[in-house]
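Next up: a single chain in structure tokens, the form predicted on its own.
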């Protein structure tokens, strides 16, 4: 069945966590991997309960899915252990021996850097400082900490074992294309490449093993921190449209803009998606809220999706219509036939 990679198409906050949770429930992957670091949060609501996670993939909602933290990721020990407890995944969650560990001194280093905090708009989670030490080859890894001993393994080997015997692996990327260190709005970017290629590199998978790349966009665009946001709306207009949001990790208000087709096309160029997911359609079309079948969507909502699909020239297969993980219109059966 191969590998499905979930990638953010904008500036993060696109709803990748919801998409990962839905795909886990719908497709029941044998394993799920979440890349990135603790400076980006993913939220999932499932059957009335909400989790805000920074290390563990939201695919944990599928009880049969093994959860991995890959060698290219960065986490903090306290956050990792707290999330294991919150998600009740002990016994089916592992962290790679080479995963980088953020310590309190990294947080202090970052928060004392006025340029990072006030100009760039860093989340101040110590990620950049830890990445700097990783490049210098002095960062401590998961294998160096006894408190992680029961969770440490070779996740790369385990993931490939699953793929090679025909299992499905779901990879949940972090942040968004235009926050990529190389392809984003530099210098207002994160400290890693968060396009599909960078995500695969963190996990240790080559492109030939990938079956699907799902590029996630929100029905409108948001951004936390400084940097370009084409078509940015004044806060009062965003509030009028009901598009006010706050960052999962920082709690900062997100800047808001309408969907940008031209930037979406560039994200497509950078990620080579086989499918596109659109979340929060109900923010544009309130009558779409909670709908789970294409034919139940309002006519104007279906037209908006079809027009966008024609412009982007990639199938829009998943359409989020509410906070619940299962509030999703799944057009894969329409587009690709029965599954």
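Positions refer to the first chain, counted from 1. Please read these numbers as outputs of a predicted model, since none were measured by experiment.
Beyond what is shown, the protein has a form predicted together with a small molecule; the following relates to that form.
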Consider the chain as shown here, without its partner, and state which of 167, 204, 124, 198 has a heavy atom within 4.5 Å of the small molecule in the model of the complex. 124
Of 135, 239, 226, 157, the only residue with a heavy atom within 4.5 Å of the small molecule in the model of the complex is 226
Interface membership of residue 252, the small molecule in the model of the complex, 4.5 Å heavy atom rule: yes
Contact label in the model of the complex: residue 120 to the small molecule, heavy atom within 4.5 Å: yes
Wondering, does residue 12 line up within 4.5 Å of the small molecule in the model of the complex on heavy atoms? yes
Determine whether any heavy atom of residue 75 comes within 4.5 Å of a heavy atom of the small molecule in the model of the complex, and answer yes or no. no
Partner-facing stretch of 296-304, 38-46, 65-73, 276-284, counted where any non-hydrogen atom is within 4.5 angstroms of the small molecule in the model of the complex: 38-46
